[in-house]
Every structure is written in structure tokens, then in C-alpha cells.
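The chain that follows stands alone, in the form predicted on its own, written as C-alpha cells.
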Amino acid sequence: MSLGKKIPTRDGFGDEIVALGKENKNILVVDADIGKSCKTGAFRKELPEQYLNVGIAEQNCAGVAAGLATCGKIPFVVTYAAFGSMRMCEMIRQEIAYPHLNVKIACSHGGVTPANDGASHQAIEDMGILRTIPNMTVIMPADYWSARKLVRAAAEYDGPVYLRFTRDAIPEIYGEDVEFEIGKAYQLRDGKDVAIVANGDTVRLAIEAAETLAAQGIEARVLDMHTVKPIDTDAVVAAVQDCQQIITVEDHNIINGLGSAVACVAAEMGKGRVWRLGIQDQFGQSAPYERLLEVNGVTVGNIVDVAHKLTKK
């Protein structure tokens, strides 16, 4: 399949939150003073009465959003992924997830896409941390259109949701008419030799790797596992049963991220093999985005090499 123009998934959030806010006056943005980076500028301009900027005080964002949710509002807390997960973690647990409040945490700058901003702004632990909190749903869209559709799905979903977006531009994969369901993987390609399970900005790499493998006689199934929690157990079980060999690809620490979630399902089945590609349990550094992926082996070439190793075995 051909990939489209490159757009950051944070742009998809910015466009969809405006549309949602116009449709439903209960949808609010609670901003941590970084609206320019997180694409809430249009929302602030067009819907000022539904916009709150609490300043650079992420923990306060969580508390304010929790209070609004108790009044029937649907607040979206907006900040960077590093701060919206780790700095807010206790408040998310105690004030949002424990009482199961309808708060959405929408975070840009996920993974190593902050690139030259360095390790302090590169969130490589966020989804792993938040997926351990009960009542929390964790989502990472793969492109602009899936971001729009999953933001809308999150707004319609009753309960806490963490949404992770990219700062850097990534290619369009889907069209405007595609539909997504929270907790259900989207199969982009079928195959029985190996399954490649990816999410977010690595889905494009999985697609390119599958096309390379097909030319080499290896048919790879490709799953966009946009929802890390709840993981689509049925899709993983089917991949293990049909393919035996699974490669997970993520812009996140391989510990407790997508790879770990998939491996847990396979382990409980007692069959199959899971090879995790992602950030190799190390902090990022200031470097171009693609270079940081390369340093961690998150490349089309490495996915292809691993597929050959697994299918030979």
C-alpha cells in the first residue's frame, strides 16, 4: 500500500477536538500552557468558554479535570506525554482512575519524536506506566486520520483514557472513511508466516517491512494495535495460532509497552514466540528522530532481518 503525506498525529487531535467541541458544549480543554505545541490554539480561539489554561501545572490540570468530570463535563487534559504521564501519575491514579471519572489525557510528543529536545521530553515509559493503572484505557493512533477517529471514540467512551500523539510528521496510512473501535486491532495486511504488531509511528515501518518481506517470499500479517490497553486478545491469539512468530514494533521502552502486552497473551497461551523491537531500555538523547529509532533497532531493515531469523527457526 502507498503511504500518504506526512502529518503529525497531534494535528489530528487539534482538528478533531475543535469539531467535537462545537458538537458538544460539555467537551472542554484543560491546557498546561503549551497549546501551541499540542495544537489547541484553534479550540481556544473558536471556543473560549470551553477552554481553561491552568498554566505549567500538570498536577493541577488533573485535579481541575477530575472536578469538571464530576459535574458532567468531558475534559481533555492537554500537555506533553512525559508530563501527562509521569508528573501527573499520582493524581491520575487517585483523582481520575480510582473514581473512574470521564477524563481524557491527550498528550503530544510521545516516544522519541521530540528528538532534539532530548531525553527529558522523550516519553518512552508513559504507556507502560499508565497501562498498569486500573480503569485506564491507553491508545496511540498511527496517523492523522486514525488520530481523529480515535479522539472521537475516546470522547464517546465513558471513563479515563490516555491518548498519545507524535510531534514529528508521519505518513498518512488511512483514509477519511476508516473506522476504529477502542480495544480492537486494525489488520492492514494478512499473512501466515509471521505477524508484525505495531502502533503509532511504527505502523508505517511495519507496512514497509511487510512489503519488503513479500517480495522475498515471506507473507507477514500487519496489525495496528492502536489500543495498548485493553489489548485485543483475540487478534493476538489468532496471530499466534496462525503465524507462530510475532514481532512487536513500538516507539516505547520494550519493558511494559506493546511488546510486553502481546508477550503476556502468548505466554498464557503457552505457544508462539514474541520478538520485541522498541526502545532498548535506555534513555533517549538529542538527535534526529529517525536516528534515535535507528540506534534502538526500530527500522524497516531490522524488522525484515528479525522476520528472516524467526521464519528460519
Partner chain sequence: MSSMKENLSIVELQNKCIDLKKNAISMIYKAQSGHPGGSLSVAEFVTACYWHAMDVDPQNPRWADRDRFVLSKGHVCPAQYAALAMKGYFPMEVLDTLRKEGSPLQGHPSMTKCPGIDISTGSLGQGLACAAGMALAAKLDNKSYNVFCAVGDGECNEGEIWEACGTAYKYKLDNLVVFVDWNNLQLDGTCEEIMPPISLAKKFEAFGFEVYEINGNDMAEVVDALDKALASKNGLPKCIVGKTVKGKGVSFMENQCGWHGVAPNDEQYRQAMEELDAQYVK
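Positions refer to the first chain, counted from 1. Remember, it's a predicted structure, so these values are computed and weren't measured experimentally.
Although it is not shown, the form predicted in complex with the partner chain is what the next lines describe.
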- Option touching the partner chain, based on a heavy atom within 4.5 Å in the predicted bound form, out of Leu52, Leu47, Ala263, Ile34: Leu52
- Answer with one of Lys73, His121, Lys229, Lys149: the residue that has a non-hydrogen atom within 4.5 Å of the partner chain in the predicted bound form. Lys73
- Message: Which is the contacting stretch out of 160-168, 199-207, 182-190, 94-102, given heavy atoms within 4.5 Å of the partner chain in the predicted bound form?
- Response: 94-102
- Message: Quick check on Gln59: any heavy atom within 4.5 Å of the partner chain in the predicted bound form?
- Response: yes
- Message: So in the predicted bound form, is the partner chain close enough to Leu28 to count as touching (4.5 Å, heavy atoms)?
- Response: yes
- Task: Answer yes if any heavy atom of Glu156 is within 4.5 Å of a heavy atom of the partner chain in the predicted bound form; otherwise answer no.
- Result: no
- 4.5 Å heavy atom contact, Glu219 and the partner chain in the predicted bound form: no
- Contact at Ile173, Glu211 and Ala214 by the partner chain in the predicted bound form, all three, heavy atom at most 4.5 Å: no
